[in-house]
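As structure tokens, one chain now follows by itself in the form predicted alone.
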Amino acid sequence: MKLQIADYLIIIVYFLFVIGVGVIIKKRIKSSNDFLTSNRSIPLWITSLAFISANLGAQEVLGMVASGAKYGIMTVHFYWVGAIFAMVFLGVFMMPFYYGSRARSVPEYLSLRFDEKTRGLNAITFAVMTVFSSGISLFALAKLLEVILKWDFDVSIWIAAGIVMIYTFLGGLTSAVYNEVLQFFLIVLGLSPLVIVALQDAGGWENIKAQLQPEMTHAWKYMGSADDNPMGLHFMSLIFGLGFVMSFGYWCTDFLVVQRAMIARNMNAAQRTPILAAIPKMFMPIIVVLPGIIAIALMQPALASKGFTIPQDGHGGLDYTMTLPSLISHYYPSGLLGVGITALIASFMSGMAGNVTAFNSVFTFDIYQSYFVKNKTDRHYLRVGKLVTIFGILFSIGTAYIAKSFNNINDFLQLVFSFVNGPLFATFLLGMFWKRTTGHGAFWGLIAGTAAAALTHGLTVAEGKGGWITELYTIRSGMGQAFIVASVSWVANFFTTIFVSLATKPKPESELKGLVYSLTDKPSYHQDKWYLKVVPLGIILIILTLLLNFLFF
């Protein structure tokens, strides 16, 4: 692939624009709350697009296309099983707790509901997870620039990280959020022509189905047995592992996405943020899953004349992570090529900046201020937040090199989530809906869940990963391993929390008002228009999602 002057101009204009946003917003940053929480001043349409864009980083764009090529249409489960239902649940049930408690972060909510040790444990594990996730985004972009543009991998990492650091250092969370909106549109507009052209070249969906094994083009039909589908999963493992544990664990407790709803102007906007974000989320498989399926179809003998191939990795297998860059290189001419590359760069910027802004908020408020320096001026914490931004970028650079050992970055990402979000959702579920849950129960539940995740990973092996204790059980895919690890961690947390809570003293009900469902006044709105209410919108979204699952059964 060779970029022309027009392509480079598009990329340079994009870089200048995102930095310019940071420069403009810098004038509005007067306090630590401005820098780290946007002072709850962002309008609904911005928070909704930022909510979905925060999850639309390089690991999703590259990773989901890679999974589409590796697992086929089963990858849509990450959306129609592993996203929409949880996003609706977050908007209807959980945002009133987050927003109403006035907590600045998810760990801070845990300190109000449980105690400081639970908050500290979650803050530390979340900080580690965001650094890994940010590093995956950074690795994806550097790999992209190395393969497509022949740029040096190490130089690409430092240049890309430097650009993100500039605009997040200048404008904080607000800068990241506004840039995420821009990045959302760039990704959609930049990749849509690719889907249209490649789909036509492959002869349409019916011809793709004719070229591929049937299990690659059916979402549910071949999930009655783990041996019959490319993901190596039984449908119950998918529903519980992805649809319940990992889905609700991510969308309902991960501060990276929840933060986008928490900065809305009022409770109604905070609740509607994930609901409205679910609408474009429902149709994202067209942009990020379908290209991977098309790519595999184009490599079948009947379509070999099209000249498309997915590069091989160092072990002679397909390097699925490079599926989307290969498609862009194959189909996009000069000019449009610049738009496509900019869309991928935008996805990286979105993912990395989202993780860095979540990291600096949690570290500053929930680790540094809570346990090290408690009574300093607001200007002091503002300076710390900016300094932490720099360190977050540097840590991300380190984790980018770890991601090089995985042939599908989405497998790696899901494994990281299974260690952190899997057990955490059990803590939230019990804490919000069972007032008897205690701080000791929550803390030891998280410990047990994380330990169970590590033990499960150490006893199972999938595609050469895991089995670091002993290879007791083999799982067909890395994705399947992540779901099983998450399921075991959730179960271990859930029952440990219950047993320890029953043996320890709970907080008095007076301290739980606004933090537990049965002791919280439910928000009521009086708009005449039904589409301004979260429950009717949520029901419609669930019906549409069930219909999509049925159509591609």
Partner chain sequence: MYKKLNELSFVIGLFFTLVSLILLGDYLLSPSSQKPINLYTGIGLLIFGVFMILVKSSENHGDAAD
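Keep in mind that this is a model prediction, so the values were computed, not measured. Positions refer to the first chain, counted from 1.
Below, we turn to the form predicted together with its partner chain, even though it does not appear here.
Looking at 24-32, 496-504, 514-522, 482-490, the stretch with residues near its partner chain in the model of the complex, meaning non-hydrogen atoms within 4.5 angstroms, turns out to be 24-32. For the chain shown alone, Ala304 is not a contact residue for its partner chain in the model of the complex, no non-hydrogen atom being within 4.5 angstroms. Contact check for Leu189: a non-hydrogen atom falls within 4.5 Å of its partner chain in the model of the complex. Its partner chain is not shown here, and in the model of the complex it never comes within 4.5 Å of any heavy atom of Lys221. A residue is said to contact a partner when one of its heavy atoms sits within 4.5 Å of a partner heavy atom; Trp468 fails this definition for its partner chain in the model of the complex, lying far away. Taking Leu182, Leu112, Ala451, Val461 one by one, only a single residue has any non-hydrogen atom within 4.5 Å of its partner chain in the model of the complex, and it is Leu182. Residues of 247-284 lying near its partner chain in the model of the complex, listed in sequence order, are Arg265, Asn266, Met267, Arg272, the criterion being any heavy atom within 4.5 Å.
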